[in-house]
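A single chain, nothing else alongside it, follows as structure tokens in the form predicted on its own.
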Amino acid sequence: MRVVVPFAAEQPKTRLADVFAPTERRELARVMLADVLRSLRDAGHAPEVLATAKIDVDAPITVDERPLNAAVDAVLAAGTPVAVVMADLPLATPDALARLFVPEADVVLAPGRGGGTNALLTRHPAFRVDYHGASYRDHRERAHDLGASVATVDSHRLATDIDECTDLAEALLHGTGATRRWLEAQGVRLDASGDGRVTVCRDHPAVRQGDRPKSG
């Protein structure tokens, strides 16, 4: 089965701008990608990267500058079955990813928190994606409209993608790979000082554009 990992190469993780500088966000995205590729290989698959620009990565790569939906649909149009796994799932262990391939349904969906689709598998030649908005709901409805059978993989590890500051706490709490080690090396740590949900803080915040001292 073809296993594809989409990757935004140029301006990844803009919602983490309060925590990381642009170069750090690019580095974090690469580290998470490496974790996902490693876990897919350990689960017995040979992943390939679908990137918006050429990157140095230990996997076959296809460059497609189009938006995510168009790029993934081009892969699906080339033939099925295909699995699509997002690149920002640092909690995705080999065992968790293996669950995506177990159901025999035409379309298998692994929803993300907040209604997204973090991984999917399609065996139906006419199925196409729509990652905007509540994509898990929309993908399920699209499959039903095609008369395709649908299975859902309920997994905390596959549901946890890293988009916002609060997501970093999940990586520190439950991560076992390079992403957690990278965050710790950047001084990111858990903050349980509040009365509510555990969040994170950073020992040495990123230097942002415009904040650098002027020379001379």
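Just so you know, these numbers come straight off a predicted model, no measurement behind them. One-based numbering along the sequence shown.
One more form of this protein should be noted, the form predicted together with another copy of the chain, which is absent from this view; the next part is about it.
- Heavy atoms within 4.5 Å of another copy of the chain in the predicted complex map, among the stretches 58 to 66, 151 to 159, 24 to 32, 44 to 52, onto 151 to 159 alone.
- Within 4.5 Å of another copy of the chain in the predicted complex, a heavy atom is found for none of 1, 8 and 81.
- Under a 4.5 angstroms non-hydrogen atom cutoff, another copy of the chain in the predicted complex has residue 134 among its neighbouring residues.
- Looking at residue 128, you'd find every heavy atom of it more than 4.5 angstroms from another copy of the chain in the predicted complex.
- Among heavy atoms of residue 107, none comes within 4.5 Å of another copy of the chain in the predicted complex.
- Taking non-hydrogen atoms only, residue 96 approaches another copy of the chain to within 4.5 angstroms in the predicted complex.
- Residues of 163 to 184 that come within 4.5 Å of another copy of the chain in the predicted complex, judged by any heavy atom, are 163, 164, 166, 167, 170, 173, 174 in sequence order.
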